[in-house]
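Shown next as structure tokens: one chain only, the form predicted alone.
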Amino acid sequence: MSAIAFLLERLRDAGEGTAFIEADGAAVGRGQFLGRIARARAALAAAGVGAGDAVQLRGDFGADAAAWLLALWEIGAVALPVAPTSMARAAEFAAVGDVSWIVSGPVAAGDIAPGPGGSAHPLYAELRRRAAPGLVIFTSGTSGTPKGAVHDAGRLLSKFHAPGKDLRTLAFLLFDHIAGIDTLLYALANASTLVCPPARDPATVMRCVAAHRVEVLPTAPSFLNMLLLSGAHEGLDLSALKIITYGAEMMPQPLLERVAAAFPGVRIVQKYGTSELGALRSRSAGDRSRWLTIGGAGTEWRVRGGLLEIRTPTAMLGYLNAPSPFTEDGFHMTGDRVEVSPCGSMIRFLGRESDIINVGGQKVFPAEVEAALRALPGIADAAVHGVPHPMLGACVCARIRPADPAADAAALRVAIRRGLAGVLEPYKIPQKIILVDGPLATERFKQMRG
């Protein structure tokens, strides 16, 4: 029996209904979707794609890309999804992934072309030994060497064997993001409707939520900040919306408070997962709390030196092209710095260890400075990073988008430093302030991966 047999059975048993609302607004029924999977499977077989082959799948959320993905898994192949936002690096990902085939376009066209590789990586051999389908998620953003996290797709699918809730969900997260794949699988496993937006800007997303009576909006803090700044949610009928989830980035407490106030009656839930571990089950302490529990069957966590480590059955087999990030006893070293609640059962994220700015031996978390900056009058958004300093090693640099584009730059810089005095320790106050016109959060969202 294939790893996706239970998904197909649930879709058949659920009867006719809408599986996808496409980006153009067209509805695709469950029967139609099952037909596309069968046609995709036949096209793959005709092209010679087989079990254990590494296949780059280029596409975005919709019935066609989902049908290709499930057909690949049904025949035991390894899928390497690439979303439109990552297409500039598709050739690089294909080379790192040693892909034998590249699949794109609608199922009806059957666009299957040879790839540059031979699917010879030892981790692919391990999947063949297990007779298991695979998934590769690349962890890098827009710079640096991409790391390919290789998963046994059967392991990822196992958590969906127990039925969940049928909730109409927006496909906001990316098709090549582990949380995006998790959204897709949850919707399919529960015969729910997945709404695919034509774009991911606040106005378009909220129009989709209103028009299609979306119940779950999975998103990210940077998008929620953009949404509240734009006011795109105002004046719309969002009465169907039940849950907003967020993850992938640090959530500043003031932003969480604003989101909860803007959407009364909607549950605000923090999610956690990584490209290496999959999307883990989590539960927030409350709509306005950043404390959460993480777990799920067989999942354990610990904190060593302030850094979170997790052991879970859904963990990847390894990287295609990087050393193992696991300890000898199987815990993944996440690189997330956290604090543990007094009761010892909950954690709160402080920031990525790799993002910490070391100012003369003092640690600065960018998220803390960004939150303080956004709380100041006249600031629409802020992004903080470290820059080299000849004496301190590094200093804090802030990119600021003013609420008023015509604001006097010199006066705003003085107001920022005065406003942060007494709020942040002196070494955390930005020494360099750059004013920008564009929405900083858009760039952050584009770079979200695992």
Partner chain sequence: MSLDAETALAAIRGAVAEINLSLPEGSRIPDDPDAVLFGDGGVVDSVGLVNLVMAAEAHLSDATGLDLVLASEAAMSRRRSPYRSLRALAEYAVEMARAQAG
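Residue numbers count along the first chain shown, from 1. It should be emphasised that the depicted structure is a prediction, and the values quoted were computed from it without experimental measurement. Whichever C-alpha set is largest while still superposing within 1.5 Å between the two forms counts as the rigid core.
Omitted here: the form predicted in complex with the partner chain. The next part is about that form.
Within 4.5 Å of the partner chain in the model of the complex, a heavy atom is found for none of S100, R155 and G296.
With the partner chain left out of view, the stretch that reaches within 4.5 Å of it through heavy atoms in the model of the complex is, among 64-72, 51-59, 382-390, 31-39, 382-390.
Under a 4.5 angstroms non-hydrogen atom cutoff, the partner chain in the model of the complex lacks A43 among its neighbouring residues. Contact annotation: A47 falls outside 4.5 Å of the partner chain in the model of the complex, judged by heavy atom distances. Put simply, M226 is close to the partner chain in the model of the complex: some heavy atom of it is within 4.5 Å.
Taking non-hydrogen atoms only, L424 never approaches the partner chain to within 4.5 angstroms in the model of the complex. Scanning T327, S230, N358, N190 against the partner chain in the model of the complex with a 4.5 Å heavy atom cut-off leaves one residue, S230. Just one of R283, R288, R348, R258 comes within 4.5 Å of the partner chain in the model of the complex, counting any heavy atom, and that one is R258. Of all the residues from 173-207, those having a non-hydrogen atom no more than 4.5 Å from the partner chain in the model of the complex are A203, R207.
Core-superposed comparison between this form and the one not shown: CA of L11 displaced by less than 2 Å. Superposition of the core reveals a Cα shift of less than 2 Å for G298 between this form and the one not shown. If you fit the rigid core between this form and the one not shown, you'll see the Cα of L224 move by less than 2 angstroms. Between this form and the other one, the CA-CA gap for V338 and L424 widens by 3 Å or more, being larger in the model of the complex. Compared with the form shown here, the C-alpha atoms of E425 and R288 sit at least 3 Å farther apart in the model of the complex.
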